[in-house]
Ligand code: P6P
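Let's start with one chain on its own, the form predicted on its own, as structure tokens.
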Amino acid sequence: MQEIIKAIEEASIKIKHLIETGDTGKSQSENSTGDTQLKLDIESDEIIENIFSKIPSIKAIVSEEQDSIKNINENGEYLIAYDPLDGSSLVDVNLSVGSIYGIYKNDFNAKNIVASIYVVFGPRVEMVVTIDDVKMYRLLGGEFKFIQNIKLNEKGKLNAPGSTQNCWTPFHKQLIDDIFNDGYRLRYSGGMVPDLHQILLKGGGLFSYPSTSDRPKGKLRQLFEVFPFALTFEKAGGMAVDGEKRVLEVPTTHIHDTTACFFGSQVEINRVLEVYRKNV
């Protein structure tokens, strides 16, 4: 695990340089779900794959930007699913973006996730590692230095409602309106990594990306985005659900499966469960 963390640190320093100097334009290709890939997506993916290919403990990898699993070492122990540069379309307007890594054993599914790491590229570069607990590191003088453990409060103050609002169910819209009416503050940039990072560092709140009429199974991808953050929120004392059950109980049938998801501190997530169990 330590050599994987070191590999992610190395990749992150290179991706930081790429973000600062690279071409933010679109490429001529699409990823497996039909999104036009930015040149930054492709180059970030190549950086990570090249570094992971040299790590003996990695058995196989799969990138959000690729169609299939790539085998690395037959005798390796870990499987890694990663989103090389989540929110990459925000780079050209100079907003924060991030990389997400889910580390699995035996098979790519929720019950086999053993660790997760995400990296925020903003005014500062920060890496959050979740194994038994949640630790944050910051890039200082070319090295990642430990800063703090992350623990959520039972109740937060922030609300980050994602997805297309005119496709929300009436009960979900009412839930979000009620939360705002209770004094929660809107914090939503359109970047999953910085938005969830803010909720974690500010003590709690709610991030939601529900099922909608245009995306009945949600938009965010299980292996690359949802499961890694679900592990982080649970280990930080919060919760992650799909509206009815823990996200880490959601089955996976394909590497690019998506799911509805809600991340937050316990009061907010229990509020989500109460509403959804009455209406779904």
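Numbering starts at 1 and follows the sequence shown. The model shown is predicted, which means the values in this text are computed figures rather than measured ones.
Quick note: we don't show the form predicted together with the ligand, though the next part is all about it.
**Q** Once the ligand is overlaid from its position in the predicted bound form by fitting the nearby C-alphas, are 3 or more of its atoms within 2.4 Å of backbone or C-beta here, so blocked, or is the site open?
**A** Judged against the ligand in the predicted bound form, the pocket is open.
**Q** Are any of the heavy atoms in residue 190 no more than 4.5 Å from a heavy atom of the ligand in the predicted bound form?
**A** Contact check for residue 190: yes, within 4.5 Å of the ligand in the predicted bound form.
**Q** Taking any heavy atom pair closer than or equal to 4.5 Å as contact, tell me whether residue 209 reaches the ligand in the predicted bound form.
**A** Output for residue 209 is yes: heavy atoms within 4.5 Å of the ligand.
**Q** Taking heavy atoms and a 4.5 Å cut-off, does residue 220 contact the ligand in the predicted bound form?
**A** So residue 220 counts as contacting the ligand.
**Q** Is it the case that residue 242, even though its partner is missing from this view, gets within 4.5 Å of the ligand in the predicted bound form, heavy atoms only?
**A** Close contact is absent here: in the predicted bound form, residue 242 is far from the ligand, nothing within 4.5 Å, heavy atoms only.
**Q** Using a 4.5 Å heavy atom cut-off, which residue among 159, 163, 109, 198 comes into contact with the ligand in the predicted bound form?
**A** Of the listed residues, the single hit is 163.
**Q** With the ligand left out here, work out from 83-91, 128-136, 145-153, 179-187 which stretch has heavy atoms within 4.5 Å of it in the predicted bound form.
**A** Result for this chain: 83-91.
**Q** From first to last in sequence, which residues of 224-239 have any non-hydrogen atom within 4.5 angstroms of the ligand in the predicted bound form?
**A** Stretch hits: a single one, 225.
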